[in-house]
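Presented below, as structure tokens, is a lone chain in the form predicted alone.
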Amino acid sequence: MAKPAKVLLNVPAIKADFPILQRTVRDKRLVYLDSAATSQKPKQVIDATSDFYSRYNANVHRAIYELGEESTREYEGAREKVAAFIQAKSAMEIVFTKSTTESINVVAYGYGLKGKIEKGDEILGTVMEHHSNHVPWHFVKDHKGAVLKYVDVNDDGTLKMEQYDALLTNRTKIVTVTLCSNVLGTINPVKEIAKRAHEVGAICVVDAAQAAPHMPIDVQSLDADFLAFSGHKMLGPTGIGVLYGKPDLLEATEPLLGGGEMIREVHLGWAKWNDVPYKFEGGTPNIAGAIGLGVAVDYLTTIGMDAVRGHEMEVTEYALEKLARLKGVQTYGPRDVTKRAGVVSFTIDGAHPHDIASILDVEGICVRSGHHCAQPLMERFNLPATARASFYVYNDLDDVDALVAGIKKVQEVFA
């Protein structure tokens, strides 16, 4: 993606929409730099979920009274908004789940364990995947005798794309990859990877948890077969996720959950599933979460995802330049901000990442520390953990300056 002209957003106006950002922490201005773990929520989303519970709380699809019809209309309206947000052909290609993790498990179980994977078939992932895109495939390996393979990363955090030549075979059935690394920020060439997967007859499963909140996504252009992401990382509520799938593949996938709503009919001894996407949405769904996600999509669409992406590139470039000037501070991932998102993992000589996060917290600065649910990637770089700052629409250059000042205080403590 080419680097756009500088388009820093009107961050003070955006911050005003986020009630939590008006508070202080330890008598300091709150500097929230952990949006890769979960984003904050604008009042529009908070109000929408409250409005559901206050004004038209009723179960969806199951009532002919006015409250139920309103609830169903808003819930299905959110599905339409999500479909448009990622350029899906139809809202019927959108399944609501509780998270990216559940979405990937739906594919691993319903397409892998219950469908297309046989003993000796291969699943090709990468070293940089989040655990939610590692562990479900371990289940398939253990139960079906599949073979797991992984593409490694270069020292700069980019994928070793040449390894696909050797690792893709006629036994490869699933190729899975993160669109954006939650540790390195690396944006992967998913369109090319999907093309390579399809050339050997495999499907491509994309983890877009760190991408959907931060950049435009066109599932048709990517030619992704399945794509998963979470609402809570893109200004929406927790407990709501999305699984996009091509219609024929959703039809070929067995549901993970059995119960109410996901059936067409049930009799003693046999049952028939409902149509896609409803066969995957057994039980009462997270109605308020879906409605809130729809409003979050509205919020991001109003800003414009190109503007979101451009803003984060500028903030990230500024952060990388500032951190590069600090002796004893090491950052990870591509230096080129056109190839990375607004995630900066770093270490400080002589300081454990947990201590870094603890000292920054005293300054009102929220960063993540640990292995970030990416232990294979940590092992690749011989790291037990890193600290991680991640940026979003409500962050600006002042927040980066606060981070840099906080890091200097960490260094003073461990001098």
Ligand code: C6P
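All residue numbers refer to positions in the sequence shown, first residue = 1. In this text the structure is predicted, and so the values were computed from the model without any measurement.
Omitted from view is the form predicted in complex with the ligand, to which the following refers.
For the chain shown alone, residue 345 is not a contact residue for the ligand in the predicted complex, no non-hydrogen atom being within 4.5 angstroms. Contact annotation for residue 180: at least one heavy atom lies within 4.5 Å of the ligand in the predicted complex. In the predicted complex, the ligand sits within 4.5 Å of a heavy atom of residue 368. Residue contact check for residue 130: one or more of its heavy atoms lie within 4.5 Å of the ligand in the predicted complex. The contact residue chosen from 373, 351, 378, 357 relative to the ligand in the predicted complex is 373, the criterion being a non-hydrogen atom within 4.5 angstroms. For the residues 173, 279, 340, 232, the 4.5 Å heavy atom test against the ligand in the predicted complex is passed only by 232.
In summary, the region of this chain contacting the ligand in the predicted complex, judged by heavy atoms within 4.5 Å and restricted to 60-68, 34-42, 47-55, 357-365, corresponds to 34-42. Along 200-228, these residues reach a heavy atom to within 4.5 Å of the ligand in the predicted complex: 207, 209, 210.
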